[in-house]
Every structure is written in structure tokens, then in C-alpha cells.
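First come two forms of one protein chain, each written alone as C-alpha cells, so that there is a structure 1 and a structure 2.
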Structure 1
């Protein structure tokens, strides 16, 4: 076979491969699950599926623009660009919503935009349910239950009472016997002699000493285990921020602000520029009025009257609430993306917290108990295996 023939065959194979790839791409169905993730990460700051937020509600929007999906995709991807081009529908929407300009999402691919549209089109309201937080209540660690220490201390008290009761019974019996036989009455000195005899018994001394030492040791261990744990810690922040309003009422996804949860060890403190995505337009809140939002403007150097940045930004000195010891490694992305855990699993029902506080103790026993009970998920499906079955109790998993 000649070189020209080989070259023609290679060329034909490349063309066929390209045609097959384009065919598969053309028939690839947009993913509802991907659209849901993209929607929560990019859209929930300004839109809700039901009810108006900054922008209009999105339930029924795709049906409203039936037959105009191509235009809708362009609007979602680059609304400012369409407005600048003088697109009639784009300008009408811009005017309808008081010239509140929707941000561009040019970072999303066309396929991702279609997935978002699929999610909005197929979305259905979820049934209201109670948030179940893993690990709440019993930890499965006997040393974490204070009842064991109170039981040991109670045992010491019972032994002392038994000793006193024996002394009283002995004194009463001896007094009765002496009175019957006409002997001298049982005096206080005799009582003390009997008491010293009982309390000086080697078995009693050994038992009481052992119980007291065990109770003291258990109490010491319990107190030592609380060192560095700050459950319930709720510091005052420089800017009042209501998670109940943002994550609860407005249903803004946690990951929209805490973007590090899906890609980093840390969840990251949100930049005030993220706040400005909404508060460039929303200048007054329902709880604190303009006072707290004004602090955001001061931090970014924004003048709401001039509608422009006029000063140098200043950092907001947020007070950290959740922390783990330096010798313990924890990765948010590993738990949120791979483990598919909800934020509430560790942080509690933050969507109900007016002021965020540390919900769980985040101690080693608490983490180990979660690893013992949490089922491993593969491709979103729960398996019968726990994290412990996959090596989740290995010390080197967290300490290395």
C-alpha cells in the first residue's frame, strides 16, 4: 500500500471521528443535576424559583419563552451584552426591572447554560421536611456522657452513707444489749471507736480509695477532652449578618458565598464583593435598615449616591467561629464534594440562625462517631459501607 493511500485512510478516519464526536455532542442531553448545582452556585443570590428576590421568580420562565430558548440562553449567558446591543426583549426586561442589570455568566459554557435551563424548566417544589443533623444527641462515646462521672461520684457518696449507717446500727444494737444486761450506756466515745473500726477496715479503705481515684480520673479525662472545644461559641461580628434571612428566607445556597467548600480545605470567608452582587441594588435590609449595609459600602469604598467606587477598600475583621486544632486535618471539599454532605451535618440548621454559633463540638470523638455511622456514597447513591469501613478510623487520615 502506497504512502498516499495510508495518508488518505488516516484523513478519512479523522473526519469520521470528528463527525461522530459532533453527533454525540449534538444529542447529549443537558443534565438536570448539573443545572441544579450551577443554579445554586450562581443564581440563588438574586433569584428564587418561587417568589421575587432581587430579580423575578424563575418558575415558569422557560415555558414563558417557549420557542425562544436560543434567545433565553444568550440572555442568561450575557444579559449586559444583549442590552448594549439594543436587543428589544433585553432592553424591555432591563426597563421593566428598574434597570437592575443582570450579571454576565460568560464563564459558563453553552452546555452548562442549557443544563441551567433544563433545571429551571423541570424544577418542582420539594415537600417541606425537618432538617436532620447527623450526630446530634448521643455521640456513641461513653466518656462523652457526663452520667458516668456522676455515677462514680454517687457511688462514693453511697459508700460513705453505708459506713455511717453501719455505725448507727452497731451503736443502736450495742446500746440495747448493754441496757438489757444492766451495763453502762453506749457513749459517744464508744460510737467513735466503732466508727474508726469500720472506717479503718482495710477492705473499706481499699474500695473507697479505688472509687475516689476512678471518679477523679474520669472527671479529669472528661474536662481534658473539652479543652479546645467551643460548642455554642457565638461572638459578635463587625457587621450584623442574618443567616436566617439569607440562607433561610431568601434560600441563598451556602456555597454561593462560601465558595471554598467545593474546591478547598477551607470554606473561605466570603469577600464583601460577593455581598455587593446583591447590595449594589439592595441598600436597606428588613431587620437592620441601612446601618449594616452601610458598613459593607465602607468596606468596599462604594458610594450608593454616586453609584460608584470612590474610596480604597478596607478589610472587614470577621471573628472566626469554627476551628479545629492545628494537628488535625479537615478538608471541606472532600466532605462536601466526595462525601456529598450537607453543610447542616456539621454546622447545624444555619438557615434558622439569626447569629451563627458553633453547633457541634467538632471534637475527635464527634468526628469518629460520624465516620462510624455515615454511609459512603458512590455517584450520589448510598452504599451499605460506612466511612469507618473504608479506613475512616485510621489515625493517619486526620493526623499526619
Structure 2
């Protein structure tokens, strides 16, 4: 009888382990992340989650269409089609937004559209001010995903529970058997002996090890997928240079400082001499007074009182934020001049950033996604060909 029950227990154990694994693998389901990537590649040109851009704000839009999910998916896939068909809701939206058409996304699969919807539904605003220093808590960082910790914690918890359960079940069984055979009461010492027996049981150890190894594997794979990606990376810079103040408030053109973007592979960080074009005169700032601008003077060896260069220059060591690995080739001029892309498409709203951070993950999937969807422009006019049609997915174009 007890032998039989023990094999029942083993069944339970296997089923529990299987259940556990299936819930765990649900955590690795990439649809929110996929949705986020697709959203950034396809929708941010016209939509923000909060606030109106070309199209309406999308926060809460999935909730707005609760019960009409199918319609929403159709709309995202082919809004112009729906409008052309005379679909009532579509036409009303179109009228409401001054007949500015949303483009069709027939190139996205239904699964991809569901991912985008998942992303929009589950999106939450980032807490401002707590964004990352040195990459910690970066959006692309799996270690920042609390799901992983809950999953691992849950795993350990459940393993302990299984062990306890086994001890209790066997103890009860043995007590029953002994009572039947008229033997003495089951004691605590017996429970411990039993427990040791079960925890030392080869089958139990094998199952536990497998579960832990599989969990570790899932974890590693998930992490490896984003190795080298530093989305959200926002290091502190040697001078508190604000893009919000320069490119935002004072409307200085990005290309005035990043001159490489129009003619070279790299964008280039301006030398401090460029800063001096203005800061020879502007000696004080609204936020830091003379303190931060003094660092520019120190770097070029300028004495603002004597109004002359008096010391040896010392270059400012800006911390590099964006970095594509050496085995991949990326060229700014090709994208900015030939491709006619805005800096913001790839770098986000830099003109609002006090401190620049990495907006896109810069991974291969990101490059490829845009190449699949972005139409090539000739003399500023959009053609019907995507970058992919022109060979933009060939490995050799990006890898030497």
C-alpha cells in the first residue's frame, strides 16, 4: 500500500513540476516586448502614449474599445481600408481627426498586431526622475523585470512545499499502517527519518535538479537575447550639458553640433571650441550659474576675466552612450541624408532630455524591423519600396 501511494506521490510531483514549468515559460512570452518594438518602429511617428501627436494619444485606447477588440485589430491593420469600406466607426474617427489618415499596416501579421495591442494595453508611464544611471533599471534589462524574481522565488517556494507535502503524506500513511498493525504511535523522530529518506530520494533529487536547471536555462536564454543592449543607458556627464536647454528651449539645430550626421559614418560630439562660439559671451546659466560653464573654460584654458586663453586645453571626456558592436556597420549620413530620417526616430525626444539616454535598444531586430517597414525616399518623395526590398536585410550590408 505505501509503495503504491509513493508512486502516486511521484505522479503528483511530475504534474506539479510540469505545471510549474508551463507557468514559468509564460514569463518568457515576448509579446509585450515584441509589441513595444513594433510600436516604436511603426507607430511613434504619429502617436505618443500620452498626449496628441499626429494621431490621438493611445494610452487607454484598448480599454476604450473593450468588447470590440476585433475591430481594433482590423483598424490597426488597415485603417484606410476600413474607411474606404464606409465602416461607421472608422469614418467617424477619420472625420473627428480632420481626415488625417492613419497608414495601413498590412505588413504586420495578426500575431504582431496582438503584440502591439498588448503593449498599448499594459503600458504604464515611467516614473520620471528615476530613470537609470549607469544602465541600472534599463528598460531593455531583463534583470530589471520583476517577473524573473517572482518566478524564481515561486519556484523555490514550490519545491519546498513539495518536499513538505511529501513528508506529511508519508507520515500519515505510515501512521495509518502502524495503527492498523497495532504498533506504537508515530513519533517526530520517525518523521525526520522519513524526511531524510525522501530528500535523499534519487527521483526527487533528479526532478528538482531538472526543474532548477530548466529555470536557469530559460533565464539565461532570456538574458542572452538582450546582452549588449543598453536601452535606457543614461550616464552622468563631466559637464551638465542639457539638450532640453540647448536643442529645446534655445532651438539649436542638432546638426550645428553633431556635424558628422550629414557627411560621415559617426555623428560626432562637438569639441569644446564649438561651445565657445556662444559661451565666450554666455558666462552664466539659469540652473547652475557659473559653475558648469566654468568647466568649459577650464577645458579650453580660457580666463573669462582676462578674456583670453591662458592655460593649456584639457579635453572633456564625455561618456559614450550609444554603441553598436564592431561587427556591425551603421552609417549616420546614409540614414540622415539619403534615408531622410529624423534624429528623433532613432534617438527619441532628445530635445526634451536634461540628460541624454539611449532611447532605442540598437539591437539587430530593431534595425531589421525598420528596414522591413520603412519606405525608401528618392528626392524626399516616398517610393513604394522598403529598405528591405533594396537589400537592407542582407547580412553583408551590416556585417563585414
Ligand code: HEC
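Definition used throughout: the rigid core is the maximal C-alpha set that superposes within 1.5 Å between two forms. Positions refer to the first chain, counted from 1. No experiment lies behind these values; they were computed from the predicted model shown.
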property	result
Structure corresponding to the form predicted together with the named molecule	2
Rigid core fit then residue 63 CA moved by 2 Å or more between the two structures	yes
C-alpha of residue 372 off by 2 Å or more between the two structures on rigid core	no
Rigid core superposed: residue 332 CA moves 2 Å or more between the two structures	no
Between the two structures, how far the Cα of residue 173 shifts once the core is aligned, in Å	19.0
